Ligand code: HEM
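So this first bit is one chain, no partners, the form predicted alone, shown in structure tokens.
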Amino acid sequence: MTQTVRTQAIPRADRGPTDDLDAGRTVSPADIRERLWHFFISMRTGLALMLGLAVLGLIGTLLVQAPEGLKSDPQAYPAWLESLRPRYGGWTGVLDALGLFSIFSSIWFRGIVMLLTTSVLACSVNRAPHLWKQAVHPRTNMSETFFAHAPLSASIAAPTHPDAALAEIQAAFRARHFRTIVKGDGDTIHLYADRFRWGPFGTVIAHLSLIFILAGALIGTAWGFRNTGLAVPVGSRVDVGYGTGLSIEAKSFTDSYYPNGSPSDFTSDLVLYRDGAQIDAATIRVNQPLRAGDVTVYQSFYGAAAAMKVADPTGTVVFERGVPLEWTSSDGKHRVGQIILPDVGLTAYVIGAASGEVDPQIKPGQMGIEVYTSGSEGSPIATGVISQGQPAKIAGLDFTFVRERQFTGLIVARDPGAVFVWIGASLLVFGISLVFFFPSRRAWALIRRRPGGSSIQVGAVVRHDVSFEADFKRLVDELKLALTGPSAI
């Protein structure tokens, strides 16, 4: 359908001289609001912001991203950055300053998400009044020009009175579940018919769903966390961190396998504490997490651990718990775990032979120890190999390998924005369903008295609704049969 839109300039008060050299240019708050409004409802703005998100997502894919929670560790994060320097060279500090190693929690990502959310909301607010008017107060009178150029149109000359013709047309539309509105104008009768008049609101609902999804993502990155690698040795208690006050103790871990050797089930018996007081206990599996308020604990992986005890020269125990051997050496032959000793400014690495590997220096029942000054990237200040149950002095500390254990690997997450994402996803499905399964159909009829009967013009617009064209043709054929007889078809 061809539409002619006439615009009229908004009258403005006389601002005095027209010569820009003589008159100072001022911008009123109303002008600023109007420009901002047009900026946010512009399709170009939306496309540019979505492109910006895509670019940031690409950067996040190409650049190594800091593990969750690492940036808050003042000791571990600088060491992690140094490990990237061989790859990125002098750009490492620049990329870090720009926040590109944590792109999805950076100010750039959050800023674009907020701008896109505002743009989507503005577009929805801008479109909704038009759709409401179209659904509740539709235009019923159409001119001859419309019927001459409508995508779907037909003319019928009927030897019946206009009122009789109107009754037949209404019956035909109502048989197809159309709403009809009739307005008379002397010898001219206008009829408007529509079906699924609320269908176009599916686009608004879909836009609003994006707001919920984007808001949920923003809330999740701002106030949530997701630790995908919390290793808890059996018999030990590990703090969750992130200001939750939670800690998790692993009582046991069990893994079972099918006869062909493939894993069948992993279970962890966990006890959850808050500020030292037990608040829950459960056996979790891969698809059966433990939930405590807004924090969820998932079973993820498992591996070997070493129960270690470390004492200072005075005999004071500075470390006593399991050490997950969760890392693998670059040659794949060793399992490695870490002991951080902040009280003495040292970091120790516990090293064992990987499964299926043999190291003549580290025999079964032994663990290798390497001690470094915390924050140092140089060589170890002391090394040694210790046997199970036999204390050994390394770097002035007494290290004891108590026994080998297992650890359970957990994912611990808090996502306060998840409920918004689920609401948004539901609204998105609902909105898309309205648009595609309940397409709005609108048609008009113009009935005029003529000598010997009536002249009838029927027209309709169609958008992304192929089946309406065939249905419109059948409706016209029915009207011709009812109004003029079989010879008119």
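A residue's number is simply how far along the shown sequence it sits, counting from 1. Please read all numbers here as calculations on a predicted model, not as lab measurements.
One more form of this protein should be noted, the form predicted in complex with the named molecule, which is absent from this view; the next part is about it.
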property: Partner proximity in the model of the complex: Arg405 to the named molecule, non-hydrogen atom cutoff 4.5 Å; result: no
property: 4.5 angstroms heavy atom contact with the named molecule in the model of the complex for Thr203; result: yes
property: Heavy atom of Trp444 within 4.5 Å of the named molecule in the model of the complex; result: no
property: Contact test in the model of the complex: Gly459 vs the named molecule, heavy atoms, 4.5 Å; result: no
property: Contact stretch among 419-427, 35-43, 57-65, 448-456 - heavy atom within 4.5 Å of the named molecule in the model of the complex; result: 35-43
property: Candidate from Leu230, Met308, Leu210, Ala304 lying within 4.5 Å of the named molecule in the model of the complex - any heavy atom; result: Leu210
property: In the model of the complex, the one of Ala150, Leu116, Ala215, Val234 near the named molecule [non-hydrogen atom within 4.5 angstroms]; result: Leu116
property: Within 107-134, the residues that have a heavy atom no more than 4.5 Å from the named molecule in the model of the complex; result: Leu116, Ser119, Val120, Cys123, Arg127, Leu131
